[in-house]
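Quick setup: one chain, the form predicted on its own, written in structure tokens, and binding and motion questions come after.
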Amino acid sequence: MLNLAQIQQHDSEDMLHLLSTFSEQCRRGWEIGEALDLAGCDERIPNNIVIAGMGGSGIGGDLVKAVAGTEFPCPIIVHRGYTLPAFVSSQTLFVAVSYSGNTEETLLSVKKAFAQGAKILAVTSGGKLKGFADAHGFPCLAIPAGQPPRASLGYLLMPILSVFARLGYTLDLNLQSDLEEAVALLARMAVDFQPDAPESQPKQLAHALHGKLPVIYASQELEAVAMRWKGQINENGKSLAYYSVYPEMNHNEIEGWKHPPALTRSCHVLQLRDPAAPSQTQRRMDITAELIQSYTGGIAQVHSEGTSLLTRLLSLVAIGDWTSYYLAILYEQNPTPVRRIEELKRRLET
């Protein structure tokens, strides 16, 4: 079983502290959005919103889109890559998100968006993106530096939601009230999930995933959360992981649960559940679990907590983050460094 000695041995850069203070980070992130000077900003709803970011910076955009849901007054597109959609224009709000401020894909795309006349909002702790924002006079949400982007989600998500609420984009969403509920739940989870607390769900899930290939399934509405689980297991746990969504996977992937049997038996399936998913999707998830159970190495159901959509999404995020952390400890890995990512960046610069 996991113990404090193992954690002290492997978590030398204190990822535990960043996980434990996620609720505080969400509140501070919201306050950063509230403090931004919006004088001169066009409060008319744009034709479309493009949120550009990669990795831990990009997932904030996916969660903004998930929180906004289908009721948002204009399309939200999360952009990952070097090229830019041709529809980006003066009627576009382009949100460039780079924790470091030096993500090359985001820097290239924001320069193209600026050249195409888009309205720009930056989210960064500094770097070249901050310099570009200052040079051209567009608003910048300045967030604290000095921690991994994936451990800075509160700073990469909440300021954007706060600004959107101030601009009137979120319509009937009561995000201020939702924030209070989310912060309270995340604070309680941080206590319940501590290493010295009784055996928690993240510890149990980490043990179930240890030595297995995590396969994360979720409704389409929870795709951002499933993507977050995959990324956290990759970066924190130093482990491969895979995700797919319902109902699409029922039209193809469900047939793949047969061969090769050595692989399917090494997979542990996690189904992320939320009551907002359509009833037909819920039925699909139940039936799919029955159909593939005998081919897998196990199936677990992970349920959201809370009332508001924001709270439920972040509750699942928190469970996944803590699970990936404990999985890293089981693999005897320091969850903080991402040496292959840094080496790739180094080689790209030469």
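As the structure is a prediction and not an experimental result, all values here were calculated from the model. Numbering starts at 1 and runs along the sequence shown.
One more form of this protein, predicted together with ligand PA5, exists but is not displayed; see below.
Proximity to ligand PA5 in the predicted bound form, taken as a non-hydrogen atom within 4.5 angstroms, holds for one residue of I32, M54, A289, A68, which is M54. Among residues of the shown chain, F94 is not one whose heavy atoms approach ligand PA5 to within 4.5 Å in the predicted bound form. For S100, a non-hydrogen atom is located within 4.5 Å of ligand PA5 in the predicted bound form, even though that partner is not displayed. Heavy atoms of E235 reach within 4.5 Å of ligand PA5 in the predicted bound form, making it an interface residue. Shown alone here, V338 lies within 4.5 Å of ligand PA5 in the predicted bound form, counting heavy atoms only. Comment: 54 to 62 is the region of 297 to 305, 24 to 32, 54 to 62, 310 to 318 lying near ligand PA5 in the predicted bound form, near meaning a non-hydrogen atom within 4.5 Å.
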